[in-house]
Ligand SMILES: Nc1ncnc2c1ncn2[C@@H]1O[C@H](COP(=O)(O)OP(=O)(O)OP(=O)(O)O)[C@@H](O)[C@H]1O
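The form predicted on its own is given below as one chain in structure tokens.
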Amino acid sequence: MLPNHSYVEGVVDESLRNLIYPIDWPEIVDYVGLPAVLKPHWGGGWKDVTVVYSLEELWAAYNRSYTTTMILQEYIAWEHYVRCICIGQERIMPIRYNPHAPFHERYVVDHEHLNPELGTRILHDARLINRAMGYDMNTVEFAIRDGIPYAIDFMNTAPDFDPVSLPPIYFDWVVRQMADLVIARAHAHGAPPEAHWRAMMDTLPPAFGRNGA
């Protein structure tokens, strides 16, 4: 994760006292390697994602990031790409995926695209990531190089569940799994609990707007 190129109003020198200036770009590039991927630490849809092949390209892309916090990530020249749709931390659908294809053609219906060993590894790692993050709805993307899956994107709490892009077999799976999950949660917990924010507000003094004031 890189220091921001620019900061919003209110960030002062003391806020950045744990950073070293100037940035040691050669050391960062030696650690990550080139080519590398510069991307927002929280984003989606491949927005503002740039593959850089030199320090000059890295600097140019970084200078365009302004106040967005960016990550410099090793570029995986993948032979196979898998996007796992994850429901309830345990239900995983590993789908063959082509991020370079047009949006509506990226998901590929292929039920035998993973050998048993690689499929087991990907399911295990996807479940592990979702349990660690506490996400009940997520997608985890693996770029596979030399038979090794690298989790390169796994913080997508608003995943693509659109029938325009998802083939019908996968869209039906998502709807069924999500329905089963929320129905099971409803039966397990009975009446929905009071919203956490309301319970918190009731503990605050009137000056902070207690009881909806």
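Fair warning: this is a prediction, and the values are worked out from it, not measured in the lab. When you see a residue number, it is the position in the sequence shown, counting from 1.
Another form exists, predicted in complex with the ligand; not displayed. Remarks below refer to it.
The candidate spot formed by V49, Q73 and D153 lies fully in contact with the ligand in the predicted complex, as each residue has a heavy atom within 4.5 Å of it. Shown alone, this chain has one stretch from 35-43, 56-64, 176-184, 163-171 that lies within 4.5 Å of the ligand in the predicted complex by heavy atoms: 35-43. With the partner removed from view, the residue among R121, H113, R127, R106 that has a non-hydrogen atom within 4.5 Å of the ligand in the predicted complex turns out to be R106. Contact check for D136: no non-hydrogen atom falls within 4.5 Å of the ligand in the predicted complex. In the predicted complex, the ligand sits within 4.5 Å of a heavy atom belonging to E141. Among residues of the shown chain, G88 is not one whose heavy atoms approach the ligand to within 4.5 Å in the predicted complex.
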